[in-house]
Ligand SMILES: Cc1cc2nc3c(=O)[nH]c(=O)nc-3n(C[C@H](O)[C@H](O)[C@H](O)COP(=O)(O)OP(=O)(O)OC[C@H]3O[C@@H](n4cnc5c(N)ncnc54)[C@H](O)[C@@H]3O)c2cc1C
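A single chain comes next, written as structure tokens; it is the form predicted alone.
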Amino acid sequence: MRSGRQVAVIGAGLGGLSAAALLARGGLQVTVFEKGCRAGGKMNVFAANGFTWDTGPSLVTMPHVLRGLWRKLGRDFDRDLQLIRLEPSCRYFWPDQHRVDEDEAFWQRPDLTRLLRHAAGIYDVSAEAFLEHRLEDWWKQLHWKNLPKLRHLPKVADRRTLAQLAADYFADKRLRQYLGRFATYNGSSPYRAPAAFSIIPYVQRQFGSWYVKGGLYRIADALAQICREEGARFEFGTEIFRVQPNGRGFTLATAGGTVLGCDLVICNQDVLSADAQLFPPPFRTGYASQRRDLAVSGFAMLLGVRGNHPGLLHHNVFFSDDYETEFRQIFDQRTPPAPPTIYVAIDSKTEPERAPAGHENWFVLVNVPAFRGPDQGKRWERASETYGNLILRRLSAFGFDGLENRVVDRHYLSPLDFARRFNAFGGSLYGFASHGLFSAFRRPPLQSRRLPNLWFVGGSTHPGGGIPLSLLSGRIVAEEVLR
């Protein structure tokens, strides 16, 4: 039996889809409003000239989170999605021609083993308390069964940055750079992110690195289908322009002028842009005006490349010469780094049908600064091709001579595109950067402090960015609402 409660989900990203599916299954009447033409938000897909690219996340970690969500929805995960484990999970390149594969032999290094033991304690003390509950409820998990885990709390309260932790564990400068890279999983600088971020390589080692057959967009597509089967309704091409509190509920105004009513709002839009744009001034928190570091944006190229490149894997990282300077350029100077660290995902290595025969589909991503003003964002309208050519020349320096001449198809995604298409504040991929010891406790909360029937989900709120954490945000909110 349906309760009659009307729920509006603004945005069909992974957090919104997770919440919508669970709430619809719980008996509420759910409508999902999405400004784009398909579900997924930043997890999206693009096809042209025989090439298909995932344009958002390209790696699945913590697959148990996906399986757990499917179980709560009463679904057979293995029927809907097929996970493929990637071994090695990634290949790393340095300008001095040094190369490392993230394989079993790599994980067995004594210095890395010691770091992973340290990070395992952080995971033990924080996974249940922090990742699976509202931030303000973390203390409720400190019951007697978890008392042995409390010995690891000093690791969480470590005042070192991730870069300082790396210097203490690794004599090799290249491995310090390797560990620092994991701060970018949440859009942050390893020179400002807390040492507790060492939990990320532990998670990658413990639970593996995975690809979804058919592309990672299959996750969003499958979850949207579950939403429909549970009775949720989608309104694509519908952007919510204003959310007005109205008694115990809300009035929603679309960009087209339609006015709708609902009892509860789940906002999957970036929290910073939603706070600045959707709500009347008395109900705004003022996130957009806070002078905190924004998480990085991304500059992506979708390349169709002629030929096969046996020296590359599904996932590849090409490091810059000077990591500290690179992040100083991003966060202090707010300029695109030159030279940048370059991430290249080629899923046609795993599924050849994602590219025409004799070709590969390269998703090339570089961390660049988010922008604070519209004029800064518009610079990308002129700069994309120039910066793209710089990246191609940089890749050529790693031994891929003449790469520019083998590119047969090229498309760009700039910070301006992320801002316009996904309402990402300043093009930032994750809202605020996780800089400072207590940054995790300063993320915008899941439940609005001013409107109790307003909730936020997605990568810009708790517990953080990426596929598993965005799904967990939706699950936590749905369980609180149903409770």
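Keep in mind the model is a prediction, meaning the values are calculated, not measured. Heads up: residue numbers just count along the shown sequence, starting at 1.
The same protein also has a form predicted in complex with the named molecule, omitted here; what follows describes it.
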ask   = Taking G187, F234 and F425 as the candidate spot, are all three within 4.5 angstroms of the named molecule in the model of the complex by heavy atoms?
value = no
Option from 166 to 174, 128 to 136, 360 to 368, 194 to 202 whose residues, in the model of the complex, bring a heavy atom within 4.5 Å of the named molecule = 360 to 368
query = Does any heavy atom of T238 come within 4.5 Å of a heavy atom of the named molecule in the model of the complex?
reply = yes
message = Whether Y430 contacts the named molecule in the model of the complex should be assessed with a 4.5 Å heavy atom distance threshold; does it?
response = yes
request  = Using a 4.5 Å heavy atom cut-off, state whether H435 contacts the named molecule in the model of the complex.
outcome  = no
ask   = Does the 4.5 Å heavy atom contact test between R421 and the named molecule in the model of the complex come out positive?
value = yes
query = From the list L116, L278, V100, C262, which entry has a heavy atom within 4.5 Å of the named molecule in the model of the complex?
reply = L278
task = Heavy atoms within 4.5 Å of the named molecule in the model of the complex is the criterion; list the residues of 456 to 483 that meet it.
result = G458, G459, G465, G466, I467, P468, S470
